[in-house]
Each structure stands twice: as structure tokens, then as C-alpha cells.
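Only one chain is shown below, in C-alpha cells, and it's the form predicted alone.
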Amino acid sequence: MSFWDSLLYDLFPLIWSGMITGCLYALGALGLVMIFKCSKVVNFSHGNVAGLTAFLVYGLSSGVLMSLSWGAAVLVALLAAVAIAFLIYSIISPVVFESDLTSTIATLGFGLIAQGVTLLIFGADIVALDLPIPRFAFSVLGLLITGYDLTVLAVAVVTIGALFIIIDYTKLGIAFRAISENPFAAEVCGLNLRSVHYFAWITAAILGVVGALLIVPTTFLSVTTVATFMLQAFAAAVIGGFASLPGALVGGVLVGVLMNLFTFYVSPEFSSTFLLAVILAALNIFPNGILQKVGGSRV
């Protein structure tokens, strides 16, 4: 097999798996963008909080903490994520309206607290979290598609579709869009900024948990696994413009494909360096997001 034949032989499976992983990055990026759009806060606790809830699923379903069913463990973890998001925003909400920078720095502190709680309860060991994902595979035009791939696609489509339906067709979604465009005018019209902020923070936490749980089967679960995953979601948000929900989707898939290709063809050791280079290039080439650059207006 020639070099070019080998390149093409590996290329399409890498793009496919990168797109699957990119869907998960998109879920994480959507959470970051939702918070930033309405409260102008970059939530650096996003990854560590999602990691803590992923460990909760492990602890509650494996017997470390309790021996619940997988579904019950996920439900408890989601409720915990909602409670943590509610608590974090409740504490920093007075600062949010005074200084975006101060509130962003505050989220770093909450991220470190979440990481510390994870280490305190579960330690620094690497563990395996098995999810009830269908185990089958079939080939389509030479491309291997697994049950994990279809599960990620199904969950991502349903979750993202539900999010956009809420934002586009509900009163809460309309309020979210209004506050994202002009907080002062929205407040003058009688909208409650804090209520919409709570909606954004809680929704972001749920998206983070979903993304974290689905990324774990492809790797292992440690105190840094989900935080690293959210770093790539952060890159997706930067590429999308950090104020565009559709941009977060495009950025997530793009980062997933680019990271997959770089790791396979170049070196996995320099993947973090490459990710930083992608972020810097995106900020220089698409300072307002890739979709705004192409379409000429912010989405």
C-alpha cells in the first residue's frame, strides 16, 4: 500500500471518530457559551464540576459510595450538578453585575474547590466508568460504526435539539436571547436577569455532565480527565466566537477532527501545544467567531 493509499485509508475513519468526539466538545462548549452570552462570565469551573459529577456516578454505581443502578446514579449526579451550579451563581451573582473579570476569576476558585472535593472523596486513582452503551459494530462503505458512535450522536442530537427548541420557542428562551442581546433593555422591559442567569448556569451544568459521561468510555476517569476535555470544549467555544451557540457546534466538530488528525499523523505528546496554536490562530483569523467571519453577522 502506497503512502497516499494509506493516508486515505486512515483519513475517513479519523474524520468520523473526530466528528463523534467533536459532538461532545460541542456539548461542553455550548455550556460555556450559554453562560458567557447572558452573564459575560467565562466559567472556568465548568470542567472540574463536570468531573466531580462524573465521579459521583462512578461512586454511586460501583459501591464506593452506594450501589445504585446506573440510571439512578446519573439522576443523582445531574441533581448534584444543578445544585452546585445554583450555589456557585448564588455566591458570585452580586459580583457578576459589578465586574466580569472578578466573577470569572471567582469561577477559578470554585473549580479548584470542586477538584479538591473530588480528590478528598475519591482520591487521585484512575478508575474505569462503564456505561450501559450497546456493544455492536457494522461497516458502511468501509467505515466502521460502533454502538458508542450512534449513542453519542443520538444523545447529542436530542440534547442539542431540545436546547435550541427551548431557546427558540419558549418564554424563558426568548428572555435568554433578549438578555444576551441587550441586558439593560431587557431589564427595563421587566425581565429578571438573575432568573435567566440561573437558567443558563444550570443548563450549562447539565450539558457538562452529559458530555463528561459520554467522553469517559473512550478514556479513563481521573481528577484531570474531564477538565482536559473541557479545555478542548473551551477551544471550540473560542473558534465559534464565544457568543454563538451554532458557532459552538461548528467549533466542537472542527476541534474534534483537527485533534484526531494531529494526534494520529503528528504526535499525541504535543496535542496540548497544538490545541493552544488552534486557539491563537482562531483568535487572529476569526476574532468574532468562524460563523460571523463567514456569514458577516453574529449568530
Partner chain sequence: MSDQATHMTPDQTVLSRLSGVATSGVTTTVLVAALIFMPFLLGGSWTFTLGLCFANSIGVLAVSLLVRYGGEVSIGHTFFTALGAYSVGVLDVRYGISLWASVPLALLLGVTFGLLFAWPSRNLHGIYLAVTTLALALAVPEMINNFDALTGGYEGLYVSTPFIPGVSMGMQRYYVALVMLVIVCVAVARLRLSRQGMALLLAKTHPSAADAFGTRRVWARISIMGISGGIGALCGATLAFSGSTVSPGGFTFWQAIFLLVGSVVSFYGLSLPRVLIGGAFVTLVPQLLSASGAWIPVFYGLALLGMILLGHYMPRIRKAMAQKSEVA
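Numbering follows the first chain given and starts at 1. Please read all numbers here as calculations on a predicted model, not as lab measurements.
Below: the form predicted in complex with the partner chain, not depicted.
In the predicted bound form, no heavy atom of Val188 sits within 4.5 Å of the partner chain. At a distance threshold of 4.5 angstroms between non-hydrogen atoms, Ser62 is out of contact with the partner chain in the predicted bound form. In the predicted bound form, the partner chain sits within 4.5 Å of a heavy atom of Leu120. The partner chain is not drawn, but in the predicted bound form it has no heavy atom within 4.5 Å of Ser69. Between the options Pro132, Gly147, Gly161, Gly109, the residue in contact with the partner chain in the predicted bound form by a heavy atom within 4.5 angstroms is Gly109. With the partner omitted here, the residue from Ser180, Thr104, Thr225, Thr203 that has a non-hydrogen atom within 4.5 angstroms of the partner chain in the predicted bound form is Thr104. Remark: of stretches 246-254, 227-235, 22-30, 50-58, the one touching the partner chain in the predicted bound form is 227-235 (heavy atom within 4.5 Å). In the predicted bound form, no residue of the candidate spot (Thr170, Ser195 and Gly208) has a heavy atom lying within 4.5 Å of the partner chain. Contact residues in stretch 38-56 (any heavy atom within 4.5 Å of the partner chain, taken in the predicted bound form) are Val42, Phe44, Asn48.
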